[in-house]
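Given next, in structure tokens, is a single chain: the form predicted alone.
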């Protein structure tokens, strides 16, 4: 026999509140409608749910058993409502975010950790890629956000790009590197050291080439190329090699006490790091909440970087 769960909810309210009138008030319904529902349920079952002639109402054993099931329905309805509310407010859900490896590992991973301190029930799926591939993933709805560096002219018309950090690169080295002790750095000082090159298909590799050309380094030795940010940092920390990294990455890693930046201007890339998403995003409250959090975190990071640069003597 199939019983309408709403009828069980009403039965539980009548039993728990001690009468038809009280049950109706608890549910925000009229007493006549509650009475009709009770009569329908008893007709459906073919047995009384309350002892006749008793005042106040006293449920039969069957009525008590069915009322217990009604409480379960009410609780399940309450929990389901909470689940929907948490989803609508972005407290639960799935966020798919990707970006260039150096920024994702050096900066965004820490932002994700801070986000999940406040939103532990949001699942964040992180992956890696460069602009062309990530633009395709945004268009085919396999990605919610891309955090990538772009020039203004590279932004597709059908996507939205929100700049979060200006391009700013530095020459990175290990803490305690001999160049850090020099008051001024010349090309001959740098030329004796080998270089770590980013992956050749990355924007950072082109930045390295431009930076070396700007400072006049035509012939330079590369002793390591490719690899993850973790491997690059490990090699930097254990050698006198140099590399070019975004200043935000070096700045965020300063507490690890492994790498530093030479105070030497090498020119800045003509692009901005930003959040790329659909112009009219799919309904994903968790994704929108995460996007707002990322933007606010980068605004704070940008202020701290600017303050730190003003306190340094850049040559």
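Residue numbers count along the first chain shown, from 1. What you are looking at is a predicted structure, and each value in this text was computed from that prediction instead of being measured. If you superpose the two forms and keep the largest set of C-alpha atoms that fall within 1.5 Å, you have the rigid core.
Just so it is clear, the following notes concern the form predicted in complex with another copy of the chain, a form of the same protein that is not shown.
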Identify which of 222, 217, 133, 76 has a heavy atom within 4.5 Å of another copy of the chain in the model of the complex; exactly one of them does. 76
Contacting member of 66, 262, 57, 253, with respect to another copy of the chain in the model of the complex [4.5 Å, heavy atom]: 66
Contact at 161, 167 and 267 by another copy of the chain in the model of the complex, all three, heavy atom at most 4.5 Å: no
Given the stretches 44-52, 242-250, 268-276, 31-39, which is the single one in contact with another copy of the chain in the model of the complex, using a heavy atom cutoff of 4.5 Å? 44-52
Taking any heavy atom pair closer than or equal to 4.5 Å as contact, tell me whether residue 22 reaches another copy of the chain in the model of the complex. no
If we define contact as a non-hydrogen atom of the residue within 4.5 angstroms of the partner, is residue 72 a contact of another copy of the chain in the model of the complex? yes
According to a 4.5 angstroms non-hydrogen atom cut-off, is residue 26 in contact with another copy of the chain in the model of the complex? no
Wondering, does residue 87 line up within 4.5 Å of another copy of the chain in the model of the complex on heavy atoms? yes
For the stretch 7-23, I need every residue with any heavy atom inside 4.5 Å of another copy of the chain in the model of the complex, listed N to C. 8, 9
Cα of residue 253 displaced 2 Å or more between the shown form and the other one, core superposed? no
Core superposition between the shown form and the other one, C-alpha change of residue 63 at least 2 Å: yes
